[in-house]
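Next up is one chain by itself, shown in structure tokens, the form predicted on its own.
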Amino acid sequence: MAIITPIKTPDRAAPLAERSIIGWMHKNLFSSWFNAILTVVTAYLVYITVTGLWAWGVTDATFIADSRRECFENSLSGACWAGVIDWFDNIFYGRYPREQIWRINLGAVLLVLWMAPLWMSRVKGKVLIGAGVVVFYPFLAGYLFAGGEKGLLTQLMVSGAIVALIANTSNMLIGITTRASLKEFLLQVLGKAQASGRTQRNVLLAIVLFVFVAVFLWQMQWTAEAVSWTQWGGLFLTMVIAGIGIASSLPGGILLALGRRSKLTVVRVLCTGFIEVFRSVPLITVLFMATTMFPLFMPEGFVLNKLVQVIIAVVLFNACYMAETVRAGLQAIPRGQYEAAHTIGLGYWRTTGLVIMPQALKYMIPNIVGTFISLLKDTTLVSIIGLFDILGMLRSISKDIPWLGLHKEPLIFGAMLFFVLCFSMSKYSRHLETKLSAGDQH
């Protein structure tokens, strides 16, 4: 039998590797002779690369000049960024009329204003906000960018978009200040907070109808100057194609994935065939087919411009890839989830929409964002069929007489621009994974 006398163990300092930079470097970079040599060689290669790029791109570079010859006169070894700076408007807006560029900027500001409430915790009704962006914003932005005479359908959709934007902005301001929704605020102000559900619905519908009529009458009085799609270009055109492609390919992919898993043979075969056909050919082939084959299927006298044909091709192509991503997410859901939903009386669509899809989408976030990034980069292929997207504009700089032969600087600038866009999407994807607690589980 032993007698144990409890003695407090003295505190010990944390390991050197955990409490100092020198310790971390010793553990991770110089833990052995081989690692030390590898670290020194790698550091030397990084040093000579960074110093060379810094000298070429910054210290020896020319930022202000009227031609490439002036750049050479200033420095023979540095970059000539003056050509890129001189073409800034073309790179971002293409050949859009300079006096009308404010319409593109206004469209971008409206999109930010419309989507800002999605990141505000105090604002309610975020599902409706997201649906409003997808359904109404394309019509408002489309008319803002293209202009011209408005048909009845365009007037109705533009009026609906303005009403939705007013409601969305009001809902955001009320949510920030009072934490209430626009609906709750209006019923409280009108003294209908305790009224029956039918009365509240009729009151809200009357308000929406009144505002819609007022907006419709107001928008009839103004017309934006028409701008042909052939003048669209640069980053603006890239974002239009990528934005519509991203907003449309996800719902299209969900429908195709559900169709491929359907128990209805005809639906399953059609969706499977559609997906396999589009996945079996390169995007550039789909683009060429779209510009040559679509007109053959259109009614006589009905003409689709090349931009619309390209957007349809991009949406269909990426919807097929998205369908496989969604199908993989659906297969990750245990069968017990379906059975549990059926035991409480949910049908197919309510089971899919309320139980299965929300869980599956969490698992699909990395692949979905990966598809979106690929879509954004693939839009550069439209320059091959004659559209002047950002890549087309960057290549045009080298054909401009004052900047003849300027190739490297525009392409490097374009690469940096794409890196910023793609890296931002990737970081936001990671943020969503963490927020939805999906990243740590898989």
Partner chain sequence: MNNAAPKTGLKRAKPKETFDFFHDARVRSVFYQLITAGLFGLLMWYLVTNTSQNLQARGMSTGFGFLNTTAGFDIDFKLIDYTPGKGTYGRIFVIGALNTLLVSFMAIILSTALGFLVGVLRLSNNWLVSKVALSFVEIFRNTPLLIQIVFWYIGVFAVLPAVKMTIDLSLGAKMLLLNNRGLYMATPIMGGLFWMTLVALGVALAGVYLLRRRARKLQESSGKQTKTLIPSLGLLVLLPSAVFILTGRPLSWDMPTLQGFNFAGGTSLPPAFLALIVSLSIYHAAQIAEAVRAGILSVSKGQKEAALSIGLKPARVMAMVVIPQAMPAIVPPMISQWMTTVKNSSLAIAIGYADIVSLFMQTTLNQIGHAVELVGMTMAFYMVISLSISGLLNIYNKRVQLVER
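Positions refer to the first chain, counted from 1. Quantities reported herein were computed from a predicted structural model and do not represent experimental measurements.
Quick note: we don't show the form predicted together with the partner chain, though the next part is all about it.
Out of the stretches listed (218 to 226, 263 to 271, 359 to 367, 111 to 119), which one is close to the partner chain in the predicted complex, meaning heavy atoms within 4.5 Å?
Within 4.5 Å of the partner lies stretch 263 to 271.
Among the candidate residues S67, S383, T62, S396, which is the single one with a non-hydrogen atom no more than 4.5 Å from the partner chain in the predicted complex?
The residue from S67, S383, T62, S396 that makes the contact is S383.
Only one of R350, H342, R201, R95 has a non-hydrogen atom within 4.5 angstroms of the partner chain in the predicted complex; which is it?
Of the candidates R350, H342, R201, R95, H342 is the one lying within 4.5 Å of the partner chain in the predicted complex.
Determine whether any heavy atom of Y321 comes within 4.5 Å of a heavy atom of the partner chain in the predicted complex, and answer yes or no.
Looking in the predicted complex, residue contacts with the partner chain include Y321, since a heavy atom lies within 4.5 Å.
Verify the contact flag for L38: yes if a non-hydrogen atom of it lies within 4.5 Å of a non-hydrogen atom of the partner chain in the predicted complex, no if not.
Yes, L38 lies within 4.5 Å of the partner chain in the predicted complex.
Might V315 be said to contact the partner chain in the predicted complex, defining contact as any heavy atom within 4.5 Å?
Residue-level check for V315: no, no contact with the partner chain.
At the 4.5 Å heavy atom threshold, is V58 in contact with the partner chain in the predicted complex?
V58: no contact with the partner chain in the predicted complex.
Is any part of 275 to 299 within 4.5 angstroms of the partner chain in the predicted complex by a non-hydrogen atom, and which residues would that be?
Those in contact are V277, R279, S280, V281, P282, I284, T285, V286, F288, M289, T292, M293, P295, L296, F297, M298, P299.
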